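Single chain ahead, by itself, as structure tokens, in the form predicted alone.
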């Protein structure tokens, strides 16, 4: 194993400095987020020769934003809708921002608004005034001038809901006030969070001179052409708990379309009003090995960069063996990392502390 691993060389990192603008990208509490690993990811990526990149599982968008800030042509993809809206707002969007007049229009009371969110989630998440705010602002979003403005508004709503929700996940129903412990995020209303989030996302919009895109596709159905490098951070099978993003973020997925997209039908018999779980072969031991092989096969003509952790299945040795079927050179960069779990207050240190890997195939 030692012969397959390589240490990051600081001299290479100095030749291509970490983009300062990445530090302004808003952190979003998201399972498996690589936000705190971005400087390390940059050290590794800066050693590779590429001008275009596909982020297959873009999630919070932070790695796609790093790639965009490095001057690459980026495609940010996810099979869920709400990450694709984040990608549309800050990866594909070259210059559009929400101005004061847009925010005033969004906050204006709309007498024709639906009360779907308040009816459905009263007593489940947030206060009734917060829920009315969401109904009202969604009634006004279609009046925004472009899809980039609309995506920015939806992205600001997503961040607002994550910050307002205790622990940032939507797995437990109950009195929204019972978790109040003095934290500012729990004191602010959703409207206050929204206006702050608009300002935060407005600041990170920029044009890197490339034609970037945000897409919503299954990882094994994306067009393979035009990507020098493919970055992969899949929902690998954990050794404990589960990795279901819909379970944790179903409210955000529904909110991204006002529960209008297929697959966002409310399961009213559930306490938290979930939506149906979506199948991905990366989430199950019975299908994970075949899924990784299919993923590497599909993008074998590109540089492959797989982000992985020591607490996942399959193990590192197996993944290296699979990647070597398609790539002559495979290197493993690694470092210690601690994940913050949104669903557990007291997580055993052995579960939180992991070795983080970047498996690079050339």
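Positions refer to the first chain, counted from 1. Just so you know, these numbers come straight off a predicted model, no measurement behind them.
From this point on, the text means the form predicted in complex with a small molecule, which you will not see here.
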Q: Determine whether any heavy atom of residue 299 comes within 4.5 Å of a heavy atom of the small molecule in the model of the complex, and answer yes or no.
A: no
Q) Does the 4.5 Å heavy atom contact test between residue 160 and the small molecule in the model of the complex come out positive? A) no
Q.
in the model of the complex, does residue 59 come within 4.5 Å of the small molecule, counting heavy atoms only?
A. yes
Q. Residue 32: heavy atom within 4.5 Å of the small molecule in the model of the complex?
A. yes
Q | Contacting member of 151, 219, 91, 106, with respect to the small molecule in the model of the complex [4.5 Å, heavy atom] | A | 219
Q. Just one of 280, 136, 197, 214 has a heavy atom within 4.5 Å of the small molecule in the model of the complex. Which one?
A. 280
Q) Where does the small molecule sit in the model of the complex: which of 164-172, 73-81, 187-195, 256-264, heavy atoms within 4.5 Å? A) 73-81
